[in-house]
Every structure is written in structure tokens, then in C-alpha cells.
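Taking the form predicted alone, here's one chain by itself in C-alpha cells.
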Amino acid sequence: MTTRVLITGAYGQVGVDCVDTFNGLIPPGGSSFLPPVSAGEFDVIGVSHHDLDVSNESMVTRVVEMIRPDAIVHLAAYTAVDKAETDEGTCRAVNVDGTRFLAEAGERVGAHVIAISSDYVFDGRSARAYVEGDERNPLGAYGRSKRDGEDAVSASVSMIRASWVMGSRGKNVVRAVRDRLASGGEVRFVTDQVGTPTMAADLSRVLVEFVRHRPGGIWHVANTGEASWCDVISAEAEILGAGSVLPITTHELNPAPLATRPAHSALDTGKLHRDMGISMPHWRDGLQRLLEGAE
């Protein structure tokens, strides 16, 4: 039986990989660490912001009732972390209200909803990687919106916290500095922000398992291994065989970012491995695939 899947934010960096993955394709930078998607397993409907403004409740209700999906993968989000400090109302309309509207509409038609949250719900003061039940204490407007988006839905929703997401398509740090590194240039990146890098292609593959199994509750999904941004970009320079990376601290950034980032927001994915049997590849492996598959 074919499962109809509605994907919001289908043209974002995770969305494009997600649409490919649910259609049985391996997106650029993807891998086969989980069982493949069968032909005809999913009927995929991907929508952009122009098709569906998730902050508009009546539009959400109308679209969901028209499509009547079996599952909703909700990727549409306000992700401008610094802009959110001066535009918190818009941020909350998308990340809090929009998530609630999709969850409620999905429940009415019997669809399982999978939504994406963030490591920014934590304050970064933990000496170890965060587990799902750790206390949340976001440091900025974006993190608050993600925390409140988590609280706006029932436990039947599968709420996935992902971190430092990067894909071979769309905007991200790795793509932004690639040409400069490849030409032998120098870039500056911080050593005092540590997290768990996540490849969009690998995250998309895990999302398939969440549609298949519909577990509900909060889950941490990230590639294995911790890194600073300096570590990530240094690895990129090494893979490209060109460029150099100058380590700096957050206080040395000029101009200073508006939003405060958590210093250590690594996500522990033990629950994902223990309860769903999923072990994601190491972030270095994912980065290599991303750079080799990037357009």
C-alpha cells in the first residue's frame, strides 16, 4: 500500500533531499546506511511557502484536508537565527503557530506528523551531549520558538531535534566557503561552539523510518561525533586539499552576531540507536560525501 506523504518546506536544503529520498532516489551526498525506499512505497507531495503559508491556519486546514496525507513531514521553518532577535513575532508565527496548525490538521485527517526542532532549545552549558529529557533553556528568540513549538503539539507527534544541518543544495556554511577554500583562501571559524553536524541527506533517510514506524515523542537525530565549526571547515579544507582555516573565538567575530549561540549543544543519539536500531554515519564521512556530491 502506498503511503501519501506531505512535505512542507520542500525546496529548503533538507526539503529537496527529503523529496528525492521519499521518491526512491539517493540525493547528492547521500548513502545507503538504511534499507532503500521501494518503488511506489510513497506518494510524495512537496509544497513550498508559496504553496502553503504554515502560519495561516485556514490555509493549512484547507491544504491538509484536500491532500489527506497519511504522514506530514514538516520542514518549513523560520531559521534566520540572528534576524529572529528583531523579528520574533514572525519567527514565532512560523515555528510555534505553524507547527501547531500542521499538527492539529494532521490529527484531524489521521496523518502522523513529524516536525523538526533544534539543538538551540538548550543553553549549551552541559559538559556532555544532551539527551532528549534534559532541561531546555534557550538563549535567544529562535531557540525559544523551537522550544515552544515542541510544547505546542501532542506526544503523538514525532518531534526531531536536529543540529548543524548541511546539504549539497541550499544555503549552508560548508557551501558558502567552498569556493574560497578551493582557491587557496583563508577563512576564520570559531573553536568555542561545539555541536553535532548533520547531513541533510542522512537526516532525510532517517525521516523515512519515522514515517514507516510513527514512534511519536522527542528524538535526537544527528550524525555521530562532535565538532567545532573550526573542526568542520578544517576537515573541508583537508578534503578539498586547499585553503586554510584560522581558529578564533566567538568574541573575535566582527561584526558580533545578534543572537547568542549555545557553546556546547551536541545531541546524544543513543535513544535513536537503542529504540529504532538506527546508527547514523560519522559527520566526517557525511561531509566527504556532501563535498563529492555537491552541485
Ligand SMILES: NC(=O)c1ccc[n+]([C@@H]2O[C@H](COP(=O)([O-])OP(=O)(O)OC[C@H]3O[C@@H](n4cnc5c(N)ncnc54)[C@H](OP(=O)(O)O)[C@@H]3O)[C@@H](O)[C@H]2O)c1
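Sequential numbering from 1, following the sequence displayed. Because the structure is a prediction, the values reported are computed rather than measured.
Form predicted together with the named molecule: not shown, discussed below.
Peer 1: For the interface check, one of 47 to 55, 233 to 241, 64 to 72, 252 to 260 should have non-hydrogen atoms within 4.5 Å of the named molecule in the model of the complex; which one?
Peer 2: Result of the contact check: 47 to 55.
Peer 1: Is G286 one of the residues lying within 4.5 Å of the named molecule in the model of the complex, judged by heavy atom distances?
Peer 2: Looking in the model of the complex, residue contacts with the named molecule do not include G286, since no heavy atom lies within 4.5 Å.
Peer 1: Taking the shortest heavy atom distance, is C18 within 4.5 Å of the named molecule in the model of the complex?
Peer 2: It does not: once the named molecule is placed as it appears in the model of the complex, C18 has no heavy atom within 4.5 Å of it.
Peer 1: If you check in the model of the complex, is T224 within 4.5 Å of the named molecule, heavy atoms only?
Peer 2: Judged by the heavy-atom cut-off of 4.5 Å, T224 is well away from the named molecule in the model of the complex.
Peer 1: Please determine whether T191 contacts the named molecule in the model of the complex, using a 4.5 Å cut-off between heavy atoms.
Peer 2: No.
Peer 1: Can you pick the one in S204, S168, S117, S158 that has a heavy atom within 4.5 Å of the named molecule in the model of the complex?
Peer 2: Spelling it out, the residue with a heavy atom inside the cut-off is S117.
Peer 1: Can you pick out, from V94, V121, L181, A111, the residue that has a heavy atom within 4.5 Å of the named molecule in the model of the complex?
Peer 2: Checking each option against the named molecule in the model of the complex, the one that comes within 4.5 Å is V94.
Peer 1: Thinking of P138, A141 and S265 as one candidate spot, does the named molecule come within 4.5 Å of a heavy atom in every one of them in the model of the complex?
Peer 2: Heavy-atom distance to the named molecule in the model of the complex: none of the three under 4.5 Å.
Peer 1: Using the arrangement in the model of the complex, list in sequence order the residues of 1 to 23 with any heavy atom within 4.5 angstroms of the named molecule.
Peer 2: G9, Y11, G12, Q13, V14, G15, in sequence order.
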